[in-house]
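Take a look at this one chain, the form predicted on its own, written out in structure tokens.
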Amino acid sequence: MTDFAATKALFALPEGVLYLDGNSLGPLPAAVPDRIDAMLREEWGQMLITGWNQAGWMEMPMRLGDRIGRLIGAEPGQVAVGDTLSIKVYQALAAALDLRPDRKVVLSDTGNFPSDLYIAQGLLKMLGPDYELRLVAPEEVEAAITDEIAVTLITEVDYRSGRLHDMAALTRKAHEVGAVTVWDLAHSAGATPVDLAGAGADFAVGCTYKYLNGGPGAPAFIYVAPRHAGRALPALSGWLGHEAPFAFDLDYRAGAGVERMRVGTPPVIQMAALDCALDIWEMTTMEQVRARSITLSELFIAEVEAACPGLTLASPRDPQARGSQVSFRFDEGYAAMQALIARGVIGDFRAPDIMRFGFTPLYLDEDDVRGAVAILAEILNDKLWDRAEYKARKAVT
């Protein structure tokens, strides 16, 4: 069994802070600064440009892809790391549409992260007026998967409510009608067990700065199922996705497999931080993390509902139907969250009234949960949120 006290000791958590926002940005693993320092001084500093060969910088996207692939049920060699999540959504969606040129409808849901929808809107507008982005309520997705659909673009865990889609069931339904699936794992990777290969997923994308603790701006990843990897085209065909990048041909020739989904130069400093952060995952399994996160989130819900009657649960009550976050509704949720942060309990807010809390067993325990609820109850019951400075909106909520 995982020793979660040992994993918690591997994070550089600020004194007096209860961090319940790993669903937005994971905290700093304590070993990362030394790893970055070594990369800067010993690799970049001493090797200079030869670091691409000597330090293995060029191989990092695929090597880290396999490390992440273990956590998301991917086959070896089918995950590449690099670029941003928006770029990877664009690549996956464009490649998926290219596999079904006879169909023009992309299906998504109103709980999807808006950036995914913006990417889809922009791509479909460029493809022409016959293309459509069709949105339905999250609970209506399965019924809306018909033989009109070319691609389903679904984020497995709803970023606001934490509602968890059934990947296996929706993928099976999509394949029954001839549709291709693109899964966004931004709130799944490192939070819940994912079985891309077992579910038969076609494409998947995700970020590494949330539950994987890669740091702000950490690179994204993309998965392409082996059956598509040799024919899926990346749309954004950068030089590192070329069959022979250093041949410097003037015409693009797609590289082998998922490597063709590489676009630009790997962000080596960020990848060094991510590589170090992933070491902690060698101490546990997703199944153990999931079981522990359910224990913590169930405790949080019970304690909040007993102590904070003004809050309304916005997440599914069934723990198997939600990811690793819990959301509550409160009309003055923004101000209440700012008051919480001022007291050292960090969650976040999503409009119009959602207070979000993430539960990551790698660095949270029962005492943290109870301590956070005690402060939350004091803020709500004594209306300590009702101050002008807590109501002033900041750039990031």
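Predicted, not measured: the structure shown is a model, and the values here were computed from it. Just count from 1 along the sequence shown to find any residue number.
The following text describes the form predicted in complex with a further copy of the same chain, which does not appear among the structures shown.
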query: Which one, 86, 312, 285, 295, lies within 4.5 Å of a further copy of the same chain in the predicted complex by heavy atoms?
result: 86
task: Would you kindly say which of 37, 331, 59, 365 lies with a heavy atom within 4.5 Å of a further copy of the same chain in the predicted complex?
output: 37
query: Which single stretch, out of 127-135, 99-107, 303-311, 318-326, brings residue heavy atoms within 4.5 Å of a further copy of the same chain in the predicted complex?
result: 127-135
- prompt: Though only this chain appears here, would residue 242 touch a further copy of the same chain in the predicted complex if you measure heavy atom gaps against 4.5 Å?
  reply: yes
- prompt: Taking heavy atoms only, is residue 167 within 4.5 angstroms of a further copy of the same chain in the predicted complex?
  reply: no
task: Answer with yes or no whether residue 385 is in contact with a further copy of the same chain in the predicted complex, where contact means some heavy atom within 4.5 Å.
output: no
query: Any chance residue 17 has a heavy atom within 4.5 Å of a further copy of the same chain in the predicted complex?
result: yes
- prompt: Quick one: in the predicted complex, does every one of 118, 270 and 273 get a heavy atom within 4.5 Å of a further copy of the same chain?
  reply: yes
query: For the stretch 230-257, which residues lie within 4.5 Å of a further copy of the same chain in the predicted complex by non-hydrogen atom distance?
result: 233, 235, 236, 237, 238, 239, 242, 248, 249, 250, 251, 252
